[in-house]
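A lone chain, given as structure tokens: the form predicted alone.
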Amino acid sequence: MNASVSVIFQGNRRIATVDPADRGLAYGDGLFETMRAHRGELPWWDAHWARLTLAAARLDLPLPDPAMLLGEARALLAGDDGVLKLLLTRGVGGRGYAPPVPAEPTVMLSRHPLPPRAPAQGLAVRWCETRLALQPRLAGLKHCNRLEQVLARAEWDDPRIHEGLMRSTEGDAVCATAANLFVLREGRWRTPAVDRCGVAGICRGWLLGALDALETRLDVTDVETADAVFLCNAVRGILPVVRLGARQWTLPAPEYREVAALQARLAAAHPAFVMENL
């Protein structure tokens, strides 16, 4: 898959372009899901739709018919591997923050090429200066306001740095700009809680069950002194971290053999990740 292609719906009607008055453009009033496709199928569709349903209920956003969208997604993917993005907004509204009642949602499905393969030697990451604001009502949601991540990702252009880790305004480690964070400490995997900020990722959710991981607060020292660190998301899978500032981890240390075993388990759960193993 070499090109980006999209289809747009207003309610159940296909439209050619997004209306300039759409609240997703004006206010980021919407949600999105980014899914890894394998041979035209979406193995984690049910998990993505469940997260979208929970988030839409919290924002009081109407949802389109999931069977219709899944059929359109399959047609768009045309049997290929790639990335599918589903973007849902509250639809068209007048000037001002008050949401339209009733709302007619806008939905855009777009397909995209796969991202580059992760480096075999693991990721080098840095701490970002941009912080994540605490907002429990939006915590965990993959909403359309991603300006904090945009500013954080703009902090570096060094190709030797593959990702940036983000902290909350109180200093807790939360995530990477486009991935969740897991660390191994005292024999147990831990991941930052996302009850005040951050995104409850789909791959993160799978790993919580696979690892019996602990959701907790983590500070900078907890990450920098961990026995192993990896990032994860639903498009790139599990990504081992080998350098964070002055701290380096060695592959394949025993702890990272455990990460490789996790990658193999992930491949059994989602066939698109078979080639992502170390």
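This structure is a prediction, so every number in the text was calculated from the model and none was measured. Don't overthink the numbering: it's just position in the shown sequence, from 1.
Beyond what is shown, the protein has a form predicted in complex with another copy of the chain; the following relates to that form.
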item	value
One stretch from 67 to 75, 204 to 212, 184 to 192, 171 to 179 that, in the predicted complex, holds residues within 4.5 Å of another copy of the chain by heavy atom	171 to 179
Triplet A26, F32 and L147 all within 4.5 Å of another copy of the chain in the predicted complex via a heavy atom	yes
Another copy of the chain contact in the predicted complex: A98, any heavy atom under 4.5 Å	yes
Another copy of the chain contact in the predicted complex: R131, any heavy atom under 4.5 Å	yes
R217, heavy atom within 4.5 angstroms of another copy of the chain in the predicted complex	no
4.5 Å heavy atom contact, L59 and another copy of the chain in the predicted complex	yes
Of A200, A103, M108, L123, the one that lies within 4.5 Å of another copy of the chain in the predicted complex (heavy atoms)	M108
Stretch 64 to 91: residues contacting another copy of the chain in the predicted complex, 4.5 Å heavy atom cut-off	V83, K85, L87, T89, R90
